[in-house]
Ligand code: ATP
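In the form predicted on its own, a lone chain appears below as structure tokens.
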């Protein structure tokens, strides 16, 4: 037996052009085995193109990719991958159960008890025809199909679109179980709270290029930090406004709110010079960090 695999996904210089448009420009990324990585970016940033290149569904114009130590275009590599596409197209004449059974046969068989347990946990009616299913229930079929073979790598593109909050919570619990079993998850999602709850690391794509990659907590440190302070006496508005990186200052009586980007020492010096009754510093979230990378007009 060889050494344990350290990377489930590796790519270097991965590039894809459609005519004169560069959808992905020189992506280099490594996803550690046994981790959950959130892949973030605005619509059109290149996330789905990345996934299709990683799975061998598109051929790159430059660069290379590797899945689970092998060539993505080879069947033995893809057999160990569970994939949920963002645009899910299903055979509508089948029931959900028939479709899952067909997918299981294509994989060479799956654990029926585990598959049926997933169906129950996602509250999916397997006897209904796909044509009768809502968008959310079709998503459940796709999730069961991606998970039921216990793949070593899960590649999920917007997995919880259309799911109600209870099913979303079940999905998050399943991701934790998958990770404990040693599988890797590559998760492209617009639901940043979901990524923040589940991911070890995140990679942020902007206009086809990777603009940030790292641990979730590290990324949150680039977010603008909100403050709310109640002063004993007048708010030192002029002194606060002069603090580098401070913006969105709002004053209501003895209370002031603002956000700060960058070092906090100048702000702390102002606060130390004035009587403070109370101080609230909410934890910045992942959404704030991604918006900081995109600019205030961006949309993750």
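Nothing here was measured: the structure is a model prediction, and the numbers come from that model. Numbering follows the first chain given and starts at 1.
One more form of this protein exists, namely the form predicted together with ligand ATP; it is left out here, but the text below deals with it.
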> Pick from 262, 26, 233, 44: which residue has any heavy atom within 4.5 angstroms of ligand ATP in the predicted complex?
Replying inline: 44
> Just one of 212, 190, 101, 152 has a heavy atom within 4.5 Å of ligand ATP in the predicted complex. Which one?
Replying inline: 190
>> Counting any heavy atom within 4.5 Å as contact, can you tell me which stretch out of 28-36, 236-244, 45-53, 270-278 lines ligand ATP in the predicted complex?
In response: 45-53
